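Take a look at this one chain, the form predicted alone, written out in structure tokens.
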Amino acid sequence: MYPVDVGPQYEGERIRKGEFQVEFGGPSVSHKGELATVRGLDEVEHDKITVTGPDIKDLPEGYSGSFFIKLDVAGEALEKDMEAVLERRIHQYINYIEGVFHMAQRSDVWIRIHKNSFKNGLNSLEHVGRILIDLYTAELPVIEKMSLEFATDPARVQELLGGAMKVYKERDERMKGLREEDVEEFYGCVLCQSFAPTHVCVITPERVGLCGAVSWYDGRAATKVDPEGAQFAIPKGNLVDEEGIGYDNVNEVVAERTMGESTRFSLHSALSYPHTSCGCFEAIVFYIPEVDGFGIVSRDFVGSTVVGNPFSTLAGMASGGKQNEGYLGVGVQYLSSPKFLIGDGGYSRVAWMPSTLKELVQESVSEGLLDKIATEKDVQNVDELTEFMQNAGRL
């Protein structure tokens, strides 16, 4: 039925540089994204798959370019709250396809198609669309109709991305004002265990999933869509760590879901029992011992950080489902959380971040402190950062 095999056994498959026929998105491409939208039953033409722009077979070997996946679904039992959950399933189901790699989410997506799968007949995005529709409708019966558009035309990608960015922002705004103390349960996600078998994501009202795509509301919606799926409720239990914020029942779930690899999470600390990471995180917090502070770098930052390592190198230290003190993968929205690294001093310990991130979080940092956080425009290495911190009166 399909040109290549399909199944969960292919999750976690990596496709290296030189092995792919084409790639879409990724760190070197500025415009990419994916969006799921719940619509009325009369608004979706079931099984419709559209490719806007050159298809896989039309592109040269080694091609890298813009990309967007537009997914529209309809069903009597579907709600708007379920959109982000359905969107995140793109990651899971594309990785079911032999020789296809999908990483990250929202406007950070990265897809590679292996040369062998291309040779075996996977030469059209329509094949990918057919597989996605079959998987979605088979595993999620609440979906009655579904259509897909794959955009590779740069102009169309920019058009779709512009609308998607507004939706992402609206979703993030919903979380403002809700606190961990206001709820009795958090949500867990093990969607990325195919890449990091000992990782589990704990999502709270003040701690978005590392991928940035699953909020507390999304976790709640996910349990309605698929009660036996990758997202699940975690009654938080009793507070047992007041500094880094940790709960006894959360720790029990962490121990179970990580197969004993981790037994305790401080939900808001990078130095003491840090939350594990997979590889889909939007940003990385990393400790800089020379200034006893933290750097933060997002996936879209190009070049070396203040410690001399690019995002990709730091990602290797933060990922893999291991608790590596001083390295923490996070969702960008978490940088604006009132509990951001509260166990480590919050922004009073942040020494460096890219200028784009600094602008993004300016409303979450006191004005006097914001000017004392260096960016790539201020310093180029740790020695210069040390001098900057001394001049700012922070050392």
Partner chain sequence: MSKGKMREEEIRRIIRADDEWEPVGPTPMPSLIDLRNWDFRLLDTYEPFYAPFCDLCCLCTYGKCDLTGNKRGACGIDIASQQARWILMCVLMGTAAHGAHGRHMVDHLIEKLGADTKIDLGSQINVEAPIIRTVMGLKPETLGDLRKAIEYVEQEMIHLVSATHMGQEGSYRDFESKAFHAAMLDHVALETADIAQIVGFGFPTSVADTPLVDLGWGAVDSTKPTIVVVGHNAVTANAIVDYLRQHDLYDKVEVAGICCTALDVTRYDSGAKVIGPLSRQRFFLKAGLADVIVTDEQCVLTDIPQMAKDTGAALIACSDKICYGLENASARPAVDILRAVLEEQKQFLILDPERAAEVIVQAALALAPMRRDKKQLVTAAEGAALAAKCRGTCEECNRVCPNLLPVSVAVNQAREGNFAKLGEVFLRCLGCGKCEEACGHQIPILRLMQVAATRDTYKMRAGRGPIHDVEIRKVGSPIVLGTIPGVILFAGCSNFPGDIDEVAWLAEELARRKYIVNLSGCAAMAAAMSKDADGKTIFEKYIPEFDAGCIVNLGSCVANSHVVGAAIKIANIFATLPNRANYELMADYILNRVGACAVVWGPYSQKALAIGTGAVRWGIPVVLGPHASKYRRLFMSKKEASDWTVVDGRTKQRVDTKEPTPEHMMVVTETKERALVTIIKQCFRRNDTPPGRAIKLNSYISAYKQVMGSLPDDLQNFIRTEKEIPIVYKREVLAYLKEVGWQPKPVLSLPTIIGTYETEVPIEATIK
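Residue numbers count along the first chain shown, from 1. Think of the rigid core as the biggest set of C-alphas that the two forms share within 1.5 Å after superposition. Small disclaimer: the values here were computed from a predicted structure and weren't measured.
Form predicted in complex with the partner chain: not shown, discussed below.
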Let me know the one among R220, K236, H275, R299 whose heavy atoms come within 4.5 Å of the partner chain in the predicted bound form, would you? R299
Between the options V208, L125, L267, C192, which residue brings a heavy atom to within 4.5 Å of the partner chain in the predicted bound form? C192
Choose one stretch from 103-111, 290-298, 165-173, 226-234: the one whose residues place a heavy atom within 4.5 angstroms of the partner chain in the predicted bound form. 226-234
Report yes if all three of H31, G62 and L160 come within 4.5 Å of the partner chain in the predicted bound form by some heavy atom, otherwise no. no
At 4.5 Å between heavy atoms, is L271 in contact with the partner chain in the predicted bound form? no
Might A138 be said to contact the partner chain in the predicted bound form, defining contact as any heavy atom within 4.5 Å? yes
Looking at the partner-bound form in the predicted bound form, is D248 within 4.5 Å of the partner chain by any heavy atom? no
Whether K115 contacts the partner chain in the predicted bound form should be assessed with a 4.5 Å heavy atom distance threshold; does it? no
Taking only heavy atoms into account, state which residues of 319-354 are within 4.5 Å of the partner chain in the predicted bound form, ordered by sequence. S319, G320, K322
Is the C-alpha displacement of L135 equal to or greater than 2 Å between the shown form and the other one once the rigid core has been superposed? yes
After fitting the core, P205 CA displacement of 2 Å or more between the shown form and the other one: no
Closer or farther: C-alpha pair G12/H268 in the predicted bound form, relative to this form, given a change of 3 Å or more: farther
